[in-house]
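Just one chain is shown here, as structure tokens, and it is the form predicted alone.
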Amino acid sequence: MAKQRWFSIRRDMTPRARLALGIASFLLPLLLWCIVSYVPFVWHPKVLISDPGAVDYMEPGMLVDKDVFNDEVRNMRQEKLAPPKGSPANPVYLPAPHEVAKAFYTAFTTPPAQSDDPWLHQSLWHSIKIIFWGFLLSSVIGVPLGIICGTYGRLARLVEPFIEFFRYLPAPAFGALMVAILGIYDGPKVAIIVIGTLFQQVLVIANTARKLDFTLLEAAMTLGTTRFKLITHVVVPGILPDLYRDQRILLGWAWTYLIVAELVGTSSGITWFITQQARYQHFDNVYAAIMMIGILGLGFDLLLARLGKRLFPWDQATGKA
């Protein structure tokens, strides 16, 4: 019975089971992270020096490889000197969960190293604006073009082959060109978001428009509707819930281009914070900032999902999402 429950195909779950599995999807990776961080015999390739003994180049708080530590212990014992002491530890680039949790708080309360540098919340807000404007511009072009291509076959044949070609070109490759055209500030960053999402957006929305029941189009054309009203009164209302879900997914793609986009021209936003903290080996702040991006993205997606249930209560698929 347990096996049948776990591998049941498209069977509805109770709200309690859905909530429990959703929480478990986060707790299991966290558990693995805790095991790697707190259980010394799992994976602790370094030694945190607590007492350097007679080793002149070691000092308390220093991380050294286990092989180096064991060699120095052996050498000091052979010379009848005080051996170094230490405890198993992970590399500096793998902080423990409690260190990252602490960094979530201190990153917002600790002032920047230089007085003219932005605070973390200012960097986050700057990144959100880059995402907003980039995805807005992409949607202004991509949504109408995708709907038109999904409705009219000849226009689709004229437009989509080039879009299929262009979507395989990596958006970061246009970074230098965008800087030359738009300058070194926010313009090229927004452009990278647009390039990274626009062409995917056209193809995804066109495919969604093609799934609309053709009998609805036939009925509208039989009644003598115009081409404009066919789009606005039949196609768009017919695909609106699916179009909304497509936009939610495509917004997630825009977030994945954020780091690359903010490295174009002058570094800014949350990317600037991450690179600065990595430069000084404050990897707890790096992990915290990366997780903040995930939390923001997931938060926006959950908000849009809840909004979608209110906007499209008749849509069965939305209700099951």
Partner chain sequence: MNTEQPLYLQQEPAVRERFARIREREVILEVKHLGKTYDSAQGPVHALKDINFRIHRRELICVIGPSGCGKSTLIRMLAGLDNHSAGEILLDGKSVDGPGSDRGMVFQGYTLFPWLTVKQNVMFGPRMQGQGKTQAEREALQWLELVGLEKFADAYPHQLSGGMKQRVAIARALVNQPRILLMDEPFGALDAQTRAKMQAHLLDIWKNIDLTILFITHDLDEATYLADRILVLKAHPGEVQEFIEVPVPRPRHPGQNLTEAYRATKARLEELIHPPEPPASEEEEIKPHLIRLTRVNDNVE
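Residue numbers count along the first chain shown, from 1. This one's a predicted model, so the numbers in the text were calculated from it and none came from an experiment.
Quick note: we don't show the form predicted in complex with the partner chain, though the next part is all about it.
S.K.: Among E218, E79, D71, D117, which has at least one heavy atom within 4.5 Å of the partner chain in the predicted bound form?
M.R.: Partner contact (heavy atom, 4.5 Å) among the options: E218.
S.K.: Which residue among A96, V234, V143, V179 has a heavy atom within 4.5 angstroms of the partner chain in the predicted bound form?
M.R.: The option sitting close enough to the partner is V234.
S.K.: Do all of P15, G22 and K102 end up near the partner chain in the predicted bound form, with near meaning a heavy atom within 4.5 Å?
M.R.: Zero of three within 4.5 Å in the predicted bound form.
S.K.: Taking any heavy atom pair closer than or equal to 4.5 Å as contact, tell me whether A113 reaches the partner chain in the predicted bound form.
M.R.: Result no; A113 lies far from the partner chain in the predicted bound form.
S.K.: Using 4.5 Å between non-hydrogen atoms, is G238 touching the partner chain in the predicted bound form?
M.R.: Within the cut-off, so yes.
S.K.: Whether G299 contacts the partner chain in the predicted bound form should be assessed with a 4.5 Å heavy atom distance threshold; does it?
M.R.: Residue-level check for G299: no, no contact with the partner chain.
S.K.: Test of understanding: in the predicted bound form, would W314 fall inside 4.5 Å of the partner chain by heavy atoms?
M.R.: Although the partner chain is absent here, W314 would touch it in the predicted bound form, with heavy atoms inside 4.5 Å.
S.K.: Partner absent here, but in the predicted bound form, which of 220 to 228, 147 to 155, 199 to 207, 133 to 141 has residues with a heavy atom within 4.5 Å of the partner chain?
M.R.: Contact-bearing stretch, as computed: 220 to 228.
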